[in-house]
Structure formats: C-alpha cells, structure tokens
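As a starting point, one isolated chain is supplied in structure tokens, in the form predicted alone.
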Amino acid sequence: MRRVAITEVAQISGPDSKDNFYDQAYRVTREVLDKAGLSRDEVGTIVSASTDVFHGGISCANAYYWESTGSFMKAGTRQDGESMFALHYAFMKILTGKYDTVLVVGLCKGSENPDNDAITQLIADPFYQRPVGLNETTAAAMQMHQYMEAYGATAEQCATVVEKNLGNALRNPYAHRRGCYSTEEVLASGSMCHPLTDLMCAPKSEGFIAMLLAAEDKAREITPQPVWIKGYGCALDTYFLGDRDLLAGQLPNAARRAYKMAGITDPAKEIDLVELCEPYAFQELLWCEQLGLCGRGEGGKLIASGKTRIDGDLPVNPSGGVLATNPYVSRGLQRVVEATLQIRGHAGEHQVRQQVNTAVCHGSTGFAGQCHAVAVIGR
C-alpha cells in the first residue's frame, strides 16, 4: 500500500473576523502551496470540507468558494459533515494511484452563521424531537447526566477539563476563547442547560484550514518532515437519540479500525498526544475512555492524575481543543493540523515537552457524538 503524508498545513482561526470569506480561504490555500513550492496546477485534486445553507450560510457551497481555493477548472470533491472525512477521502484518492498530491481545505466563517444550537435543532426529527427543543446542547446535557450518574463523575472533574484546555489556549495564537479559570469559576459561569455551564460549552468560532497530502516519493521532495497517516477509522450511530445508548456510542469502533490499521495494540502506552473534539467539557473524559486511554468510567481519574495536561505523559488538547476554538465545520481538520505541528515540533508556546512520535486526531459531529472519525498520524 502506498504511504501517504501530510506535507504542509496552514490555518486561520479565532473569534469573529471582518475579513472576507474569499480572502481567508485564499490565504490558507496560498500559504500551503507556497510552503510546498507548488503552483495550483501541480496539485492533483482538491477535497473541501464545507457545508451548504446552514453552518455555511450559503447554498451550493463549493460553487461559492471554489476559485479562491485554487480549484477552478480542476477535479474536486466537496465533503459535508465531519470535516475529517475530507482527510479520509484525500487519503484514499492517493491510495488509488491516480493522484500523487491532494489539497484538503476546511472552511467555516462562524461570524456569518446563526448560533450553533439554532442550526443543530434543524437536525432533529421535525415531528417529535424538534418541537421540544432538542439540539446538540440539550442532547449533550442528557448525555452528561447519564455519564455522571453511571460512573460517579463529578461536575468538578468536568470543570477541570475547561480549566486545563482554556489554560492551554493562552499559549495558542489561533485560539478564540482562553483564560485562567478555576473550577469554581467554571461551575459559576452561568447555566447553559443543566448540568452544563457556559464555559463547559464550546464557542462559535471561525476556522479556515488547508493541508497538502502527498504520496511518499512526492512527499519527500516537498518536505524534510513528512507526517505519515498511519491509520483511519470512522463510524456513524443511528439517527434517533432515543434509540441510542449515549454512553456506548460508535467512537470505540472508529478507534478500533484506526488502531488496527496503524498497528496500535495498547493506545494508552503507544500514543504520545491526542487532539480530540470536545464541544462539551465532559465529552473529553468520555471520549478518552472510548479511545482506550483509560478504563470505562475512569475519565475523571485520568484528568485528576495530571496525565493529560500539557506537561503530562499523555497531553490531550494542548491547543485548547474545541472548547477554546470551535469552527463547527472545520474543527476536525483543525485537530489534524494541531497534531501535525506537535509532531514536527512547530507548535510554538503550546508545544509539549516530550517528542511526539504518534498522535491521535478525533472529529465528531451530531447529537451526543453521533458520528466519529479517528486518524493516527506520526513520524
């Protein structure tokens, strides 16, 4: 099988920006191509992660931005949903042997979108679930209730996730929300949907992402530091929330596929760093369990141990994660960019202390983590 590498990455993210959508999309694309020393004509194909109408605020999304991402008159694919699927599609395009290079872009102009909950309510069944106000936050609140009752996890442990991640974000120039918060301040930050408080929920952010994937021979021509895609897995749960066990979702299945492909048998020992998608603080604890980083119900103990802090043995979200920056459409791809920077030692002030050889990237979307994607990348 061909080896595929991430050769160059770029991102623009943070709070609301007055910059034009076209300009932001162009800048990250231009940056990646300049780093790689390639013209757009030398790129085999493009895969974009964007969305029509709701989170994008536009219809026929790829027709809207196609030229500004270097895609005019070029074969391309648009992916809607969890943006890490765009990485998967690009990866497979190179594996086929048809392309040696693929440009991947993720686009989210959060400042031009409605509130996330107003949009995610439209995901719900229109006859039974939408009228009662079901959206991602209310679904997450129910999931948090179940998690705390089933395993004895505490609100203080969930608040520690916020304290850790927003503290990490102080070192990240691309972060939207950051700050030194105590667990008491997190718990007192105002009720969003009990037991979730405001700071336990991710903000609405902007995020423009670009990365260039290449087959092995081409990758070694482009960069002295290729970051290899070692494994990938994804899984999708059933649509109706009431038909699902919210504490036994599809993330273990997605992780199992990625680990098998990457040859990982003991993730807690073989993984050096994790960038995961935790739009709600308690989900970092639950997702760590389901990624096999600790036992079931032990997420609270894991964070209390200090192991997942930026200076711990297994840093989780040294970038600040989605709690710090939440470009809804492109947040999964942003996890890949951040992990790539860590592997290369290019993460600046939020670079972890130990060498990162293997990192896990995770993306999620849908009510209570309906859809999950996992990628294993490394040296």
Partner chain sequence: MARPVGIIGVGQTQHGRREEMSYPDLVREAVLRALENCNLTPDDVDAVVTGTMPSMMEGIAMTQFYFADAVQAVGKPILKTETCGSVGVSIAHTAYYWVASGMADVILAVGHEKMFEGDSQATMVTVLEPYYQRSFLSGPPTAFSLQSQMWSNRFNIPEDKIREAATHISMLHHNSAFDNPYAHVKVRLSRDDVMNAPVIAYPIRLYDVCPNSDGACAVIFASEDKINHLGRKAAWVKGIGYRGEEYFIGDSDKVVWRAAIEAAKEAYDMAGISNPRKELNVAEVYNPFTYQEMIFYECFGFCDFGESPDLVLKGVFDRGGELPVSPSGGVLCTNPIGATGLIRVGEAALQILEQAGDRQIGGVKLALAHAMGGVVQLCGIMILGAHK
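On a predicted model such as this, the values are computed, not experimentally measured, just so you know. Positions refer to the first chain, counted from 1.
Keep in mind the form predicted in complex with the partner chain is missing from the figure; the text below concerns it.
| query | Do all of D52, R130 and A235 end up near the partner chain in the model of the complex, with near meaning a heavy atom within 4.5 Å? | reply | Result yes, every residue of the spot touches the partner chain.
| field | Heavy atom within 4.5 Å of the partner chain in the model of the complex - residue from K74, H145, K307, R220 | value | Looking at the other structure, the residue within range turns out to be K74.
| request: Quick one: from S111, S189, Q225, N253, grab the residue that has a heavy atom within 4.5 Å of the partner chain in the model of the complex. | output: None of the others qualify; the residue that does is N253.
| in the model of the complex, which of 63-71, 312-320, 345-353, 31-39 comes within 4.5 Å of the partner chain (heavy atoms)? | Partner-contacting stretch among the options: 63-71.
| field | Interface membership of D198, the partner chain in the model of the complex, 4.5 Å heavy atom rule | value | Although the partner chain is absent here, D198 would stay clear of it in the model of the complex, with no heavy atoms inside 4.5 Å.
| said: Contact with the partner chain in the model of the complex for A153, defined as at least one heavy atom pair within 4.5 Å: yes or no? | reply: Output for A153 is no: heavy atoms all beyond 4.5 Å of the partner chain.
| If you check in the model of the complex, is D80 within 4.5 Å of the partner chain, heavy atoms only? | Yes, D80 lies within 4.5 Å of the partner chain in the model of the complex.
| query | D125 near the partner chain in the model of the complex, any heavy atom under 4.5 Å? | reply | Yes, D125 is a contact residue.
| Out of 73-99, which residues reach within 4.5 Å of the partner chain in the model of the complex, heavy atoms considered? | Heavy-atom contacts within 4.5 Å come from M73, K74, A75, G76, T77, R78, Q79, D80, G81, F85, H88, Y89, F91, M92, K93, L95, T96, G97, K98, Y99.
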